[in-house]
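In the block that follows, a single chain appears as structure tokens, in the form predicted on its own.
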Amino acid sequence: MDLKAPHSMGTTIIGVTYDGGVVLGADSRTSTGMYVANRASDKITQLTDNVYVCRSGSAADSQIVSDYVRYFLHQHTIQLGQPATVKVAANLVRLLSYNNKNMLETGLIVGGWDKYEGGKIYGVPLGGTIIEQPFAIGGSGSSYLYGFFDQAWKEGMTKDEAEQLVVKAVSLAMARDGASGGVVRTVIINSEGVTRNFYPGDKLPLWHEELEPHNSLLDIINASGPEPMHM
């Protein structure tokens, strides 16, 4: 076990638009090789009052990009006298990611609401491409979610439907992806402001072959195992 390995957010991050705003969601596991360095990290970072970013990949790289973008957007807001749009924030993320693509290992999802275009989601994957999408998924857990989203996502969802979809999708990825885990955090952004929600692990839906949460490992050891398979 290499405890000096770089901190990496082998992650599940999601951004979804709905009728009136956006919902961002993420798991909370940060790992160092095979070691879980932080089981309750916050991967949804505020850029402005109305724009947030979901971070995946190298924790250090995603944090420094977020810090620079937050600084530039603060200057931008002071100069213009009004909040930056989601498109401006996403393009700043894209500019930093693309110009430093040989040194950065991070994929980001920018989401927010502004009075000009409403709720918007932009994906900025590894390399600095920018893609406006009705929904975006990223991180190692996203591999398990493409088919699920093709089936489950629909236009014109309500706020509650969109948040339930995000929580369900993140919990599904956590069940399948060893690098995703912990709790689920969501951020809802619309014309009324920002709402943060927290879903602990024992409140998430269970998927195929997942164990019920226990207070002690002894509960699991003493519990009867699954029935053996017969040919």
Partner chain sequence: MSSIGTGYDLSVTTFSPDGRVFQIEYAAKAVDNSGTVIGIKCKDGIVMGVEKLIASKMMLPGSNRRIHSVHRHSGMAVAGLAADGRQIVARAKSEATNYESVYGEPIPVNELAGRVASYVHLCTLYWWLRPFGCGVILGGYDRDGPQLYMIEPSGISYRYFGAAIGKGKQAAKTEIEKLKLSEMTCREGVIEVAKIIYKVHDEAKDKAFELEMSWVCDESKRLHQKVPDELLEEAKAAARTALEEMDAD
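It should be emphasised that the depicted structure is a prediction, and the values quoted were computed from it without experimental measurement. Positions refer to the first chain, counted from 1.
Beyond the structure shown, there is the form predicted together with the partner chain, which is absent from this document and is the topic of what follows.
Across the proposed site, 76, 88 and 95 without exception bring a heavy atom within 4.5 Å of the partner chain in the predicted bound form. Among residues of the shown chain, residue 82 is one whose heavy atoms approach the partner chain to within 4.5 Å in the predicted bound form. Counting a residue when any of its non-hydrogen atoms is within 4.5 Å of the partner chain in the predicted bound form, the one hit in 97 to 124 is 116.
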